[in-house]
Each structure stands twice: as structure tokens, then as C-alpha cells.
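Only one chain is included here, represented as C-alpha cells and corresponding to the form predicted on its own.
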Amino acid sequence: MKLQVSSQLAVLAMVELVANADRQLTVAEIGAKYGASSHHLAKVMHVLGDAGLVRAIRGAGGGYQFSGNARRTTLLDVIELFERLGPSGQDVGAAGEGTSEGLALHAVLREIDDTVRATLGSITLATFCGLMKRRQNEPSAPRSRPSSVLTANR
């Protein structure tokens, strides 16, 4: 699965804000950590602000703070502010359209979409931040199955 850049920036910014709840972070600070354009990140922060997930603090020492509930806000909540996830319908004129094989393929793809939505909807920002802290504290070891880490540590 590939997310749009805005969705990725939104998730990363939310993780930073939740992990640093005791202070305000500027767009420049967040952007520098993730190599993101301040201009693009500012647009993302505006959308997050309109959704009530962050608040902007103006003036010297200002920046952004998380204003949601990290134990209730899911990755799906954040991502859906920037893109639509889920079934997009079968393309008109798609190969196999109207055949039993084409319908079966469409059903499988719908099931995959449903699984993605369910997974993203089950991971809160608090869970994700906890995962990041655990991974930072682990000795450098091969990480072959990140999905098992998510399900095992919820």
C-alpha cells in the first residue's frame, strides 16, 4: 500500500506532536526531521487543525500542539483527512469486466481494501507511538515482520 505524501506527513507530524506533548513544535522542526518541505507541511498542519487534531500557538515560542485524544485517534482518522481509502469500484472497460473471474478479482481487491481499513482503524496514535519507542529501544536486529509487531503489541 502506498500513501500520498500528505498522508505520510500527517501521520509523522502527529506522531511527533504526541511524543512531544509537553511542548510546541514548529513546522520547520518537524519538516527538518523528516526532510519535508515546510510549505507542504504547513498545508498538512492546516488540515489537521481544521479537523481539531492540532492547535496552532502563535507568537514567540509558538508552534503546534496535539489537541486530540491519542488513545482514540487512529491512523485511519488521520489518513482519511487526505485521501479516500477503500473500494474504488471496477474500472469501466477493465480486463475481465463482467466475467466471473473479473468479479472474483474485484471481490478479492475489496477484501484487501477492507483489511487495510480495519488495520489502520485499529492502530491508535498512542499505540503507534508506543511501537516507535519500543523499536528505538531494541538492539539492532533484523525486522522481518513489522506487521506481527503491530498485532503482538496492541
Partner chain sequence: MQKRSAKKPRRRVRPAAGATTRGAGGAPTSAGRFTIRPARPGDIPAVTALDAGITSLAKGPHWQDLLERSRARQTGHFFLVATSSANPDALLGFIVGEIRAWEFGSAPCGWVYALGVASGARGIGVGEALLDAIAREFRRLGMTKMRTMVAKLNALPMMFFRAEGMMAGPYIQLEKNLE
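This is a predicted model, so every value here is computed, not measured. Residue numbers count along the first chain shown, from 1.
We do not show the form predicted in complex with its partner chain, though everything after this point is about it.
- In the model of the complex, its partner chain sits beyond 4.5 Å of every heavy atom of Cys129.
- Although the partner is absent here, Leu109 sits far enough away that none of its heavy atoms falls within 4.5 Å of its partner chain in the model of the complex.
- None of the heavy atoms of Arg84 is located within 4.5 Å of its partner chain in the model of the complex.
- Its partner chain in the model of the complex is approached by Asp114, whose closest heavy atom lies within 4.5 angstroms of it.
- Comment: its partner chain is not present in this chain, but in the model of the complex one of Ala95, Ala104, Ala118, Ala28 has a heavy atom within 4.5 Å of it, namely Ala118.
- This chain is drawn without its partner chain; in the model of the complex, the residue among Ile123, Ala42, Ala51, Ile57 with a heavy atom within 4.5 Å of it is Ile123.
- In the model of the complex, every residue of the candidate spot (Arg71, Thr74 and Arg134) has a heavy atom lying within 4.5 Å of its partner chain.
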